[in-house]
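Okay, so we've got a single protein chain in two different forms coming up as structure tokens, structure 1 first and structure 2 after it.
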Structure 1
């Protein structure tokens, strides 16, 4: 079973002639079954043989990104690739039909992209310059028109200078300033400023001139000026006119205003002094604007023609040209990245690979196919080899659409060790179930179940649409199973949005107390619930328990005990999986001195507690509830008062029960030193023997190494020295203190963790209680009042309350509580279950796959 344990891996040597390296790797990357071993993980990619090819691909991808950005700016629709395998076959066919070497196709692509990119850059630069020129002309034209509207015809006439000095223009209108024109000479400053800077500009001018200036502004039409540096976004600008007293251009106010304009990057313009020059300037600007618009239109058409080339879907392709080029470059970059994992020696590339069992036949077939397709080219060789070093094989599980999501939950915590039992197999079953225990509700679970059914049934339609549900498709089966178990457990708790359902008829009837007992009881307690003889509610909890005063006490007790039972069973199963792992790896030390005492310890403590809970459920305590013992009290007395007769007892006279509990306690305590002491002592003895044996072997090999260093050539000497270094440094002698401290930590973690982990499973009760209470609060506050009132007022209250109830239920219970229950189920698997057997120190099988890397990049990134 490939999902229970990792597939069996084989270690092979791959030898490829350099002249056919591209062709061989191109065939192997289509197999999706090879894991290349990096010969030197510490060597940077930039120092490897094919780093230059990877850099070329990166540069070309950057250029394509710029072209794609231009296409989006011109609203060109890109057809993305939906079937990368079809595109891979298309690339293969194109390369096969060429008469040149296969790897030179990248050179053709590079030349084509460089040429088109350069042409597009030139046209885009021309467009930007023309836009800048058009903006300047529009600004100048607006200055003339708006300035004339602000200043009037009188400013075309030269003023007679009489005096120059301080004139307070604060609060004066333009007509008042014109009256002063005969006695004071005025200067003006005309320009264009961004509207967002307008208020700050006014304030600074007022402060600098101390009110000795008049300023007014008028907005330019918002659709005329564009920002060429921000995707041609529209810019709102304003024409401003500043009038201030002074003669000449070198006075203090003029210098200050010029500095302010420079700080705001204001465009300043000159205003004609007579009407004839004004009209002539206006006509000249209008003529230039028409010419600029025509040039812009021509340039835009040329740019769109270039972009249409990239947008077009060519024959024998299933996507736009730009997408096809991008995926080809990603494929080429990936190919050369894999080649960089191989060592280059002369005209040969060689390296190590991992293959799943049986995949070597596919690789041999692919190598033979290279020689068939490309006649005259030498092919590669595959040789089985013993693994080098101490690193174990990679872990590989075959997953499908259902198991992928659950395996990702496990992998997020850690990759399983090679051949270790995969927790993902059991997570498929236990994760949705534990979620359902916490989210248990018939109504809410059914809503989640419907969502899962909808995602599974309309999977293809949603995938091809732009719906937000598209992002949930990858976990649709998980949502379906979570909804099913929430719906199922809702029936177990008999809870439909805090309302019980009397589906099978209650086993209790409401009876009136006898007359003599009514005198003693309160008036409100004249009735009691009487159970029918030999009646058992067929499925779930009898609905009458939701209508009695002690409902919360009963449900709390029931859910708490159920959570403990589920938790102990779940963790016991984890301990059993540890024993199965130890048997598979033939690790008898772990099996005898860890698994067996841990299982006995856990069974004698928390397994015993589960037994007491279930046994108490099987005893009929009707009419004798005051003598029913508390399970918590029994467990506490088992530790604090061992051997003392149990009172009240669960069975018998309490002596046999006390003896059993004492025996359980002694067995559990005896297991602790068994877990702690034997393993480090045995490991230390084994390490000493192994260290002594290695020391003898090392001394015997020293003379052989010396003789080989004298007689072998330099290349052989280097390889021998590497082997010698590996043999001498591969074994690490671990001290007894380190082993013992590690085992002490393991023992304390297990013993104390058994208590804390069992308590942690109480979250199954806590979250179920919180969910039920929230649902009840929403029902009571939003719907119960309208239902109780009745009539027209009740209908209005019900209508308003239902809208609030729906929003609160969706936002709090269907969104926040789903996420909360999901995270708590995640924690129970990662911490409480997996730590019993899961090492999580493996590494994943990274298969060399064109389809995977291209599929990951075929989906457009959302902005």
Structure 2
């Protein structure tokens, strides 16, 4: 019965000595069955005793992340952990084999990671420096080469070299300057600048020198300079040459230019003054470059060696070292988070926990085991205790792979109240069925069914592959069942992608109209369908309905009626569940004044409608169709003109029908005040009584107080004042107005809701109609033409038509419509079904579990 009502919970006190807190908690967390109650949820985590440990774990995790990032940069493949339980056992083994206190293993790992992280950082800074040096060298080299190209070879010719150290430029490309030759002396500035700053730099140079400068730039080949700070992205730099007129060594413009260069953070280089120095420089740079390259290679190898350590899968492990460390830290962090829920008093930790029935034995034995494993350590104690505070026990259902998905559907709406009937149980069956009613189609249903079968059969294979289907695995049973019911209901409606299947042979034969009638009728209706004697189509709808002009009217009326019948049954079931809940909680007021009148009200109105529908089906109206009453009119007349003889009657002369209807209506109307009035009145009087009782107690206590004071009994006073607090704190005096308004709302909701909810179930018909019509449109538009024209042209048309048909069927029907039907089924459960009984104000049982938290973190993050 674990899934019908949530598991019985027990409230326990846990007392753990501080020195063995880690060990005890470690054992308990492996049990997967304890819900720790936070002793003060308002207290921020940083103010708790073990916050320091959590912080340490966080820091280490960040460091590991950095290492992982580095590993990705070097394309190291990490083996991820597939089975965390194996790892948990492994950790336990490691800790057992150590001689020191168990919780110090964290310290050891911390040291280890810190050291390795430090080394890695050192190596990377080394690497960065080397890169920087290499960049510098490349820049210098480019300055030389490009500078030469920009200034021209003639720059070195001694004739143009001026002894004072200023250069008189004469390049073939510098015609303007050529004019000035001999009369003005030039300064030159060579350097490297980021490409993106280049234009601004040019402008500022122009403005500072008032246009009296010549500047040219040339890009350095883009793939050479590496930006180490930004993940080795490539940056583009360019060499620039500025030539400007100038006099002495420290004139204003030179100063300003230097400042500008500094502010742009450009690298300035001196350009060699003659060819010999130039060649010399170039050569030395080349050799240095080779050196740096070798050094870089070496450092890189070293870094890789470090990273290999992290990548390796060690013995007794099933994942890379880095993953193992990560999971260990996550486990450790989780442990301390749980410990933080306990209150510290002196050297003892006090905690309150919820345990499912029967788990206390497990906890007890685990606590005893601590003593045997770690000798000499005191162990914790478990004590049963009455629950503190006003919070009810958590709700816990043991789910399996099949029920998990459906329970999730319920939980998304709200966690069931503790011990309330779990709608999840019924959802397992009704959800796929209602989906099937809407998605009813043999073909499409079968596709879905196939998918479900595939997922179930190849479960294991898919789980281990990298297939995208992996994500659909957890709902495979749901898909299977949804597919099955869609398939089944498709047979009921006899609809195979808008084509009916004539499996058993139709019960109608096409016959010519008798001659005399033919004259009156239109020429087209020469034929009519005649039912064979005593023939009933064995299963589903006779395919002949597809061929008659009133197909849609017939199918709509049929589907609509089915939808209403299913809806009323579903909702009645919901109301009955409410009764069962009231019985279980021994809430007699709810049972007598809510459940019973509600049930009667509902059966007398919509139950009656269902009866009419089914009764009408049993009557053979052949040849008498104009006398068949419409159920809708019957229902409307029942309310608008009660007591009048029904015409046309469903049975008899209509008078007995009318009197039954009047009786039904009266009973239903009578139920409304019963739902509305007694409950608030009773509740109010109960409240009053309780209040009076409390007031009595209070005055008695006061009397006692006085008495005690006279007797000078100091021991009793404390207890007594506590009593006061309890009685005054427990005064939860609800106003009568509040209760009444609440009940009014509830009544209106039920009465109006029963109408609107019934109408809501018509979506079972509407979606099935939409589905059917879409399928028909696709079939008619894409395939029908090709099939009917035949021949070669028909084949070509079919070829094109089919591709469109298959796409549309897949995209619109198999994807969108599945989604739509799913959502509507969801809504029918959440609103129409669950509002009849479901309180949904519980909170989930959160078991303290290593394997869960580790499993969540064991999968690689997708990017």
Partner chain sequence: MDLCVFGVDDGYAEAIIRGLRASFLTEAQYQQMKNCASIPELKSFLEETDYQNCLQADNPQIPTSILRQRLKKKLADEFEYIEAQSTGTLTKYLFHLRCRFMIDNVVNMIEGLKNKIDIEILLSNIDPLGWFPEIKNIKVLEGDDYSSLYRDVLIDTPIGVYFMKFLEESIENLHENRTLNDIQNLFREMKPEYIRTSLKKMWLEDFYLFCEQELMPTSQEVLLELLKFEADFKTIQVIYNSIGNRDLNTAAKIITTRKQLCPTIGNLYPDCEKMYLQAMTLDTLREAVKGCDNYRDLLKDAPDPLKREEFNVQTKTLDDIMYDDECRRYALAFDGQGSYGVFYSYLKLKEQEIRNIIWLAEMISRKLAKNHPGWKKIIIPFSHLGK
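Positions refer to the first chain, counted from 1. From a predicted model like this one, the values you see are computed outputs, not experimental measurements. Under this definition, the rigid core comprises the largest set of C-alpha atoms superposing within 1.5 Å between the forms.
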Next item on the list: Assuming the other structure does not fit, state which one is the form predicted alone.
Entry: 1
Item checked: Hinge candidate matching the rigid-part switch between the two structures, set 119, 368, 642, 619 -> 119
Margin query: Please report, in whole degrees, the rotation of the smaller rigid segment with respect to the larger one between the two structures.
Written below: 16
Check: How much does the C-alpha of residue 277 move between the two structures, in Å, given a rigid core overlay?
Finding: 6.3
